[in-house]
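Shown below, as structure tokens, is a lone chain in the form predicted on its own; questions about how it binds or moves come after it.
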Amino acid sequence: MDEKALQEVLMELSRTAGVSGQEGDAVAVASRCLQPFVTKVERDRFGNLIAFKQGEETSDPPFSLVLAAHIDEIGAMVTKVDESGFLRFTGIGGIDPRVLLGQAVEVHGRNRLKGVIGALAPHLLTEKERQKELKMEELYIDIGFDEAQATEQVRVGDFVSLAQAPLAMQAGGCISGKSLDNRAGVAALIVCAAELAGVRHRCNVYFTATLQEEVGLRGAITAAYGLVPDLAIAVDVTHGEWPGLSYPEVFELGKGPAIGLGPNFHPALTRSLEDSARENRFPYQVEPVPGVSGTDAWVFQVSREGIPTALLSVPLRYMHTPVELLNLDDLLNAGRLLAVFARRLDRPFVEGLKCI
């Protein structure tokens, strides 16, 4: 897969709604993109997308690798339709009220409704009110309806997604948009599947798009328990460079994906990822994670008897905003690195993971 094809895939994934708990549309896009490269595509009982590609290992049972990226995004839920037809709401996932004011949204009611998040204009605020911290309960969604029209179309509990269209930057090979955390990881899985489609590899590979990560890593819990892989790599995003911050808090865009190091990750897997990157001249960075990573990698590591796990992350600016931004080269290199890693796996290496 080249950069142009990757851009098209990522932008389609980004513009598709998939708030935690309502990921069906995003899963459908990912399923269609993975279908040409794998043996079969299915969904487990929780709803996780599982795309399976059979390896050539002849031993019984064959060994397996899970590549997992969560597909859900942050969003909101309607809590009230007020007497003027405005919708009050609460966040789903780590949504920040500071970035919501003036944003376009889509309300998933009886029909899909466009709306905007508004608040009192600054002209109507006192000086003291202008200095106050913005709170979620002070915001509302305006869908242009009065109370009767709104209550006919919208119910308490309806989901709300951000409606920011993805943007291809004119320079730097960057894409900006909503839900790149973690549609970027899903796109990396698609790149990997495309790279593996015409080559031989020993291991069975499960490309897994997990649900509800933003509200508690739930999809990874059920996927890890159901698939019981011999090893796993979680693919997610990490914080991109920002003025006033430096490594190891943030990572440079365009310098490659970041390989996690720390107690959440099996040292032999991280070494193998680094070796794969160096031998194939893929740029990469190293991310020290001294505790729980807060990603699907944590779940896989502690599932059942323990699953050897690693983490590969794409640097991303403005995480959990409608204008998340990444470099396509980092994403492409992440997917290609995963493919190289999968190809080099053999049974002696996998058996050796049982002894740290």
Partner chain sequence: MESLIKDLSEAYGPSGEETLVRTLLEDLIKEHVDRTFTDNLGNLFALREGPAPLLMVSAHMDEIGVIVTHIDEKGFIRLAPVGGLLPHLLVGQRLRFKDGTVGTVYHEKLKEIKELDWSKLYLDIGAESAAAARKRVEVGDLACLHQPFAVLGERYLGKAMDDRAGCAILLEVARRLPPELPRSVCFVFSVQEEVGLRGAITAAYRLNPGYGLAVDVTRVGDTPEAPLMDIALGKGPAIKVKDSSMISHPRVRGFMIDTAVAAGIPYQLEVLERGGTDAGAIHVSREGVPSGTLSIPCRYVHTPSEMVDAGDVRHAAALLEKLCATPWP
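Residue numbers count along the first chain shown, from 1. Note that this is a predicted model, so its numbers are computed, not measured.
Missing here is the form predicted together with its partner chain; even so, the following discussion is about that form.
Judged against its partner chain in the model of the complex with a 4.5 angstroms heavy atom cut-off, the residues F46, T90 and T222 are in contact without exception. Put simply, S14 is far from its partner chain in the model of the complex: not one heavy atom of it is within 4.5 Å.
Although the partner is absent here, F86 lies well away from its partner chain in the model of the complex, with no heavy atom inside 4.5 Å.
At a distance threshold of 4.5 angstroms between non-hydrogen atoms, G157 is in contact with its partner chain in the model of the complex. Using a 4.5 angstroms limit between non-hydrogen atoms, R112 is distant from its partner chain in the model of the complex.
Just one of H239, K255, R218, R202 comes within 4.5 Å of its partner chain in the model of the complex, counting any heavy atom, and that one is R218. Note on the partner interface in the model of the complex: the residue among G172, P283, G94, G226 having a heavy atom within 4.5 angstroms of its partner chain is G226. Between 127-135, 73-81, 190-198, 173-181, the stretch whose residues reach within 4.5 angstroms of its partner chain in the model of the complex through a non-hydrogen atom is 73-81.
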